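The chain below stands alone and is given in structure tokens; this is the form predicted alone.
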Amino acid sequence: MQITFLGTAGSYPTRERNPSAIALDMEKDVLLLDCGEGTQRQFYQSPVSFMRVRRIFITHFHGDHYLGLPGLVQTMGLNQRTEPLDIYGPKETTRFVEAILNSGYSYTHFPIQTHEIAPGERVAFDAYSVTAAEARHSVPALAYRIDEKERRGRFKADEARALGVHGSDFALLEEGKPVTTRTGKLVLPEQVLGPPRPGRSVVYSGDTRPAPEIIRLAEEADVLIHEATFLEELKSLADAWGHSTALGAATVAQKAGVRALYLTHFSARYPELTGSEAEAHQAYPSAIAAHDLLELQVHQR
């Protein structure tokens, strides 16, 4: 599971930052969280292929979070995409997506399906699930939690050998299938596998004030990506516009007990982010201010 920050700007692009977009590589496919303008160009500068994006989750319909969709979709079409694309988001997702994708000549020849999801709803896929929670912004908005499915326990090769397991039977046991040894002994997977390992989890806040809904969503997550548009000196502005300060984001992470916090969605007022990190460290000492094209591997516990 790898995270690539394609855009970390708030409201509009700057010299240093593209608007919001985060690629989450789930090994078999890529999940895209938000799609600010210019996202397809950011993909070209990253190790992630936009052609592997299977699903897009939009947090809300402010331009810096979705205006990259027409460009990305057209670029996929021009590159001969045939696989379907699913776009998820809050209420009115279908209306917004259809309006922008049908606003000019289209070069898409692949199925695009939109899905409107509500706070508290969970969508399950083969290898992971996505849960939505209400974000407290100035328009209807969601935050998302991506949970990888539970993984099998570690394989105990020495114990398997002691039971008479040889050759290709190792792989069968690792896949959870029983085998019979050359001496006729039945060996069950639970005899040579450790306890199941929890899947990894990533939470993305979208645009929001610090909120109890986000704290509950992020509880004990491996990674929380939380917006930190302002510093505390502009907290009144953050509150009025439905945003968080760096300290507010860090407080959410501390209360949720997450393993790692990455800040994003920075105001153009802050070309340098040392102040954002320093402020966040008051509540969460290991917080990191993300930058465009930062790559992060989410390790198994």
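Just count from 1 along the sequence shown to find any residue number. A quick note: this is a predicted structure, and the numbers were derived from the prediction, not measured.
Just so it is clear, the following notes concern the form predicted together with a further copy of the same chain, a form of the same protein that is not shown.
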| query | finding |
| --- | --- |
| Interface membership of G71, a further copy of the same chain in the predicted bound form, 4.5 Å heavy atom rule | yes |
| 4.5 Å heavy atom contact, H62 to a further copy of the same chain in the predicted bound form | yes |
| T181, heavy atom within 4.5 angstroms of a further copy of the same chain in the predicted bound form | no |
| Proximity of G38 to a further copy of the same chain in the predicted bound form, heavy atoms at 4.5 Å | yes |
| 4.5 Å heavy atom contact with a further copy of the same chain in the predicted bound form for all of R216, T274 and Q282 | no |
| Contact residue in the predicted bound form, from T82, N79, Q191, Q113 (heavy atom within 4.5 Å of a further copy of the same chain) | N79 |
| Partner-proximal stretch of 194 to 202, 218 to 226, 92 to 100, 151 to 159 relative to a further copy of the same chain in the predicted bound form, 4.5 angstroms, heavy atom | 92 to 100 |
| Stretch 6 to 23: residues contacting a further copy of the same chain in the predicted bound form, 4.5 Å heavy atom cut-off | S11, Y12, P13, T14, R15, E16, R17, N18 |
